[in-house]
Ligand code: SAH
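There is one chain below, alone, in structure tokens, taken in the form predicted on its own.
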């Protein structure tokens, strides 16, 4: 989502002035740090980054701070780092051209509605496109700062999405990634227009776009994974068979404290249905260890879900207290050493599962969409189920979908040859 926000800012700046991206700090006239605030570490890193950029930038170059930390800290960023020229929140991306020339401008309105704003065109990768289908979040998870930084959830009208995707396909993108805090809650609320369509209906509508061959999305919420959605996921040939199902904890009591809205049994039921309807699908997840009050029994529930689902990808973190969240004030905060030990156990077991999953790919044939040229005469792409695959080749493979036989496996990627 932050990558897409960055693309939008680049596109908007290109509308106003002929900005070009540079990898050379000495050349930069404008430096924008696009931030995350889900965990504490990136927030701390922000101010050291500002200091480095201010020390090495050329005279007159501007520094801007964007994203969720901008929403959360606002003008305090400028108080702590006066070298920052402007601050623009995650809900105000379309205002970038308004703030770039306004000294110490701060735009962080989380009620601002960008759902019908037509951004300029810019994509990091010409062969695939990221598309926001909603902005904000209506959930009240007790560990999460996002609703405070991105505001209430608003869906983007489906006709605008079809227009955006059609345009991207027309310029070479065969794959799209639909983005939202809870994509399968799409259609709950619209801003300027009203229409009756849910995420399953949106997937069907987008699938009709000629030339679009692959649809991915992130992240769905377990609470909204009804049978109709999972059946569409399994049966629609354009939908890639890779799905992210954020667990957070395997303990039903902790899930209640987190206000996730489902139980361990609900979660396992949805994953079992995915495996039944679509055995070839890969399932990834998010897990927090050390949430306030987590007992050893609670953690073992998480380990049990890991064993039963055998996630192909795992994003796992120690709990990080965040401002504007209920859990930051919960009693029974877990000792950092205990949380660290549990995280190590979780990641070690997942690594063993991942090794088994990847080793089993040897000799299999995957359908891969190639979208990136790599050094050493290699090209990379993703299989339908989301695995990173490398082959020897040139730019002639870019933008093509090919069958690849796997000849070598590793934990993070696969190597193969054209069939």
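Positions refer to the first chain, counted from 1. This is a predicted model, so every value here is computed, not measured.
There is another form of the same protein, the form predicted in complex with S-adenosyl-L-homocysteine (SAH); it is not shown, and what comes next is about it.
- Note that among 99 to 107, 184 to 192, 166 to 174, 138 to 146, the stretch whose heavy atoms approach S-adenosyl-L-homocysteine (SAH) to within 4.5 Å in the predicted bound form is 138 to 146.
- Interface residue among 232, 286, 198, 312 relative to S-adenosyl-L-homocysteine (SAH) in the predicted bound form, by the heavy atom within 4.5 Å criterion: 286.
- Checking 270, 128, 72, 322 for any heavy atom within 4.5 Å of S-adenosyl-L-homocysteine (SAH) in the predicted bound form turns up a single hit: 322.
- In the predicted bound form, S-adenosyl-L-homocysteine (SAH) sits within 4.5 Å of a heavy atom belonging to residue 317.
- Heavy atoms of residue 39 reach within 4.5 Å of S-adenosyl-L-homocysteine (SAH) in the predicted bound form, making it an interface residue.
- Mapping the unseen interface onto this chain, residue 236 falls outside it, with no heavy atom inside 4.5 Å of S-adenosyl-L-homocysteine (SAH) in the predicted bound form.
- Residue contact with S-adenosyl-L-homocysteine (SAH) in the predicted bound form: residue 221 places a heavy atom within 4.5 Å of it.
- For the stretch 227 to 262, the set of residues having any non-hydrogen atom within 4.5 angstroms of S-adenosyl-L-homocysteine (SAH) in the predicted bound form comprises 246, 248, 260, in sequence order.
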